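Quick heads-up: it's one chain on its own, the form predicted on its own, in C-alpha cells.
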Amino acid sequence: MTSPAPVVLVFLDPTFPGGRLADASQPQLMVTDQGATRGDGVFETMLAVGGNVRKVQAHLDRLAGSADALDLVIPGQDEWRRAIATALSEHRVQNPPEAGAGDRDELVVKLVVTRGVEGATAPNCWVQVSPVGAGARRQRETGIDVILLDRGYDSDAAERAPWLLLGAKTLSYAVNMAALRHAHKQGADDVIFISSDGRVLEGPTSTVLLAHVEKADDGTSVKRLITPQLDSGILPGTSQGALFTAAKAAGWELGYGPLEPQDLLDADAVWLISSVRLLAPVNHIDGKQVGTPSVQKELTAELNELFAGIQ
C-alpha cells in the first residue's frame, strides 16, 4: 500500500499575516460547511516549478472574478500571495526536492474558498500544496484519446442565464467528474464538451486548442492557433491566454471560434491545455485519428518551448 502524497495546508486568517498552517491529516472543516454540502465555493489550481508559481496573477484575477459571480467576499491578493509563499516554503521544508530536480520539481498549488457554514460572516479560504500526479506527466508525453459529449446547454446560455455560473470556476464539479468517469468507461482519457447547438466548448478541466499549418505564397509556413469563443459559456483559460500571448510574439496567427466538431477532425493538431497537465496532445476523437502524428509532435514541441518561458 502506497503512502498518501504529502499535502500542506495553509488557511488564510487575519490573525496570522502569512496564513495559519494546518495539519492536512486532521479534520479542518465543519461537516456543515456549504462547500461540502452544496459545492458553494470557488477554486483555482496552479503549477509551481522550482518553487515558483506560474501565472499567479492570472489565477488570482480569475479567482476574484469567480468569487464575484457567487457574491463571495474573499481576502485580497496580497494575503493570498503570502499564504501561497508560506505553503510552498513549508512543503519544501517537509519534502526537500532532489538535487538537480529542475523542471521535475513540480507542485500543485490549489486555492480554495467555501461559503462556510450556514450564517457564516466570512468564507473559509485556504491554500493546498501537493505533488503533481504521474498521470498528468504521462498525458503530456503520450497524448490522450477523447470523446465528444453534449453539455446540455446551447452556446448562448451563459449570456441568457448568468446564474448558471458557466464562466466561473466553482466547486460544483460533480458533472465534470461524471463526464470523465463516463469517458473512462468508454476507454477514453478525457472529454470535449459540445453545446446543444453543436459548438465546441471545453474539457471538464481544460481548454481546447487546435492548430492549422499552411504554406504562404513565398513558401514559408503560416501557423494558426485557435480556441473556442470565450463568450460561449466556457471558463477563460489562464494557460490558453498566456500561450496565445507567447505564440503571437513568436509569429503565430490567433483565432477564436466558433468551432464545430468537424473543425477538430480537420485540424493539423488538437490539444487540451490546463495549468498542471499543460499541453496534452489529442490523438483520437471518438476513435478517429486527429491530424498527422509527425506534425502534431513538431507543433507540440514548439508550443511547449513557448509555454516553458511563461511565468
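A quick note: this is a predicted structure, and the numbers were derived from the prediction, not measured. We number the residues from 1 along the sequence you see.
From this point on, the text means the form predicted in complex with another copy of the chain, which you will not see here.
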Under a 4.5 angstroms heavy atom criterion, identify the one residue in Gln139, Thr86, Thr170, Gln229 near another copy of the chain in the predicted bound form.
Thr170
Please tell me which of Leu254, Ala36, Leu265, Ala250 lies within 4.5 Å of another copy of the chain in the predicted bound form, judged by heavy atoms.
Ala36
Heavy atom of Ala174 within 4.5 Å of another copy of the chain in the predicted bound form
yes
Even though the partner isn't displayed, in the predicted bound form is Val7 close enough to another copy of the chain, meaning a heavy atom within 4.5 Å?
yes
Consider Gly152 of the chain shown here, and say whether it contacts another copy of the chain in the predicted bound form, taking contact as heavy atoms within 4.5 Å.
yes
Is Gly119 close enough to touch another copy of the chain in the predicted bound form, meaning at least one heavy atom pair within 4.5 Å?
yes
Look at the candidate spot formed by Phe16, Val53 and Lys55 and say whether another copy of the chain comes within 4.5 Å of a heavy atom in all three of them in the predicted bound form.
no
Hey, of 179 to 187, 209 to 217, 88 to 96, 73 to 81, which bit sits against another copy of the chain in the predicted bound form at 4.5 Å between non-hydrogen atoms?
179 to 187
Scan 17 to 40 and note down the residues that get a heavy atom within 4.5 Å of another copy of the chain in the predicted bound form; none is a fine answer too.
Ala24, Ser25, Gln26, Pro27, Gln28, Leu29, Met30, Val31, Thr32, Gly35, Ala36, Thr37, Arg38, Gly39, Asp40
